[in-house]
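Below you will find one chain, with nothing else, as C-alpha cells; this is the form predicted on its own, and questions on how it binds or moves follow later.
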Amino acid sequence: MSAPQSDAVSIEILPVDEENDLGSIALVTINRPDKLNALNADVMSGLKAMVAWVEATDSVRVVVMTGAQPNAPPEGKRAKPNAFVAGADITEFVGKKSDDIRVMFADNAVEALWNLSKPTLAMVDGFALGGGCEVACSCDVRIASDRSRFGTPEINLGLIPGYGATQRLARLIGYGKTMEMIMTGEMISANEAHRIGLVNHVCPPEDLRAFTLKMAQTIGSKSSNTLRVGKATIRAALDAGLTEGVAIEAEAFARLFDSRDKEVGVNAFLNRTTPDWEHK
C-alpha cells in the first residue's frame, strides 16, 4: 500500500540503512507554509490517514514529523518565518459552539499520533505554538533548531489547549512550568525548552535534518517488535503507579525472552556481529 499524500500532508520514504534492508523512515511534512503550517481540517485528515498507513505498513520503522519550509517571498516582500506548526487555523473556530468543537476534536489526529505504536520524532524548525506545540508533545522525541520557539497562547483567545497540552506538558516539564506556559501564553526559546525538558536536543538549523534522521536511523535499526514493546511499557509509566508500572515492565521483559529477536540480539552481541532481526 503506497503512502497517502495530500496537498496538506506529504510523506517522504527514506531508508533506515542504504546498504541493508532494515525498513524505512516516514518523513511527514505538514505543508501549509503560507499559513505557517497551521492545523486545519485538511491537515488533520491527512495526519489521520498517515497514522493509519504507518500502523498498517510493517516496513515503516520510525516517523519523523516536521513542517514545510517557507516559500520564497514575492519580490519586495519579506519572507514568512520558519514554522513547525504555528497553531490551529483560528478561522475554523469562528462561530463554533461546544457541540461543534466536540465533534471536531473527537477522534482527532493529534491523539492518533500519540497512540501510534511506532517511535515518533518531532523535527522542529521555527514556531511550535498552540496545536503545534501539542503535535510536538504527542511525539516521543523532540529535536529543535536553535531558532525555534514554543508556546501555548490559547489563553489569549479566551481558551486553553485542546489537544492534550495540559496533560502532556505537565508530565514533560512539571506542574509549575506548565502553569506558567499556559497561563501567560508567552513563548519560550529552544534553549529554554531544552533546559526544562520539553526538547531533547537543540542544534543549528543547517544541522537539524541530518541530526534528526541519524537518530531515526539508529532507532529504526532495532527490532521493531522490541521497539513496540518498549514504547508501550514506557507509556505505562504515565498512567500507572510505580508499583504497577514496574510489574508491567517485568512482564514485558519476560515475554521478550520468548521472541526470536532476543536470541538474535544476544548471539550478535556475543559474536560481535550486527543483529539480523526477525522483526525488521
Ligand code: COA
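Not measured: the values here are computed from a predicted model. Throughout, we count residues from 1 along the sequence that is shown.
As for the form predicted together with ligand COA, it is not shown, yet the points below apply to it.
Q: May I ask whether 119, 140 and 216 each come within 4.5 Å of ligand COA in the predicted bound form, counting any non-hydrogen atom?
A: No, none of 119, 140 and 216 comes within 4.5 Å of ligand COA in the predicted bound form.
Q: To verify the annotation, which of these, 192, 111, 180, 89, has a non-hydrogen atom within 4.5 Å of ligand COA in the predicted bound form?
A: None of the others qualify; the residue that does is 89.
Q: Using a 4.5 Å heavy atom cut-off, which residue among 204, 73, 81, 176 comes into contact with ligand COA in the predicted bound form?
A: Answer to the contact question: 81.
Q: Check whether residue 35 has any heavy atom within 4.5 Å of a heavy atom of ligand COA in the predicted bound form, and answer yes or no.
A: Although ligand COA is absent here, residue 35 would touch it in the predicted bound form, with heavy atoms inside 4.5 Å.
Q: In the predicted bound form, does residue 187 come within 4.5 Å of ligand COA, counting heavy atoms only?
A: Although ligand COA is absent here, residue 187 would touch it in the predicted bound form, with heavy atoms inside 4.5 Å.
Q: In the predicted bound form, does residue 125 come within 4.5 Å of ligand COA, counting heavy atoms only?
A: No, no contact at 4.5 Å.
Q: I'd like to know if residue 101 sits close to ligand COA in the predicted bound form, meaning any non-hydrogen atom pair within 4.5 angstroms.
A: Residue 101 lies outside the contact set for ligand COA.
Q: Only one of 206 to 214, 192 to 200, 90 to 98, 168 to 176 gets a heavy atom within 4.5 Å of ligand COA in the predicted bound form; which is it?
A: Contact criterion met by 90 to 98 only.
Q: Residue by residue through 102 to 136, which ones have a non-hydrogen atom no more than 4.5 angstroms from ligand COA in the predicted bound form?
A: Result: 127, 129, 130.
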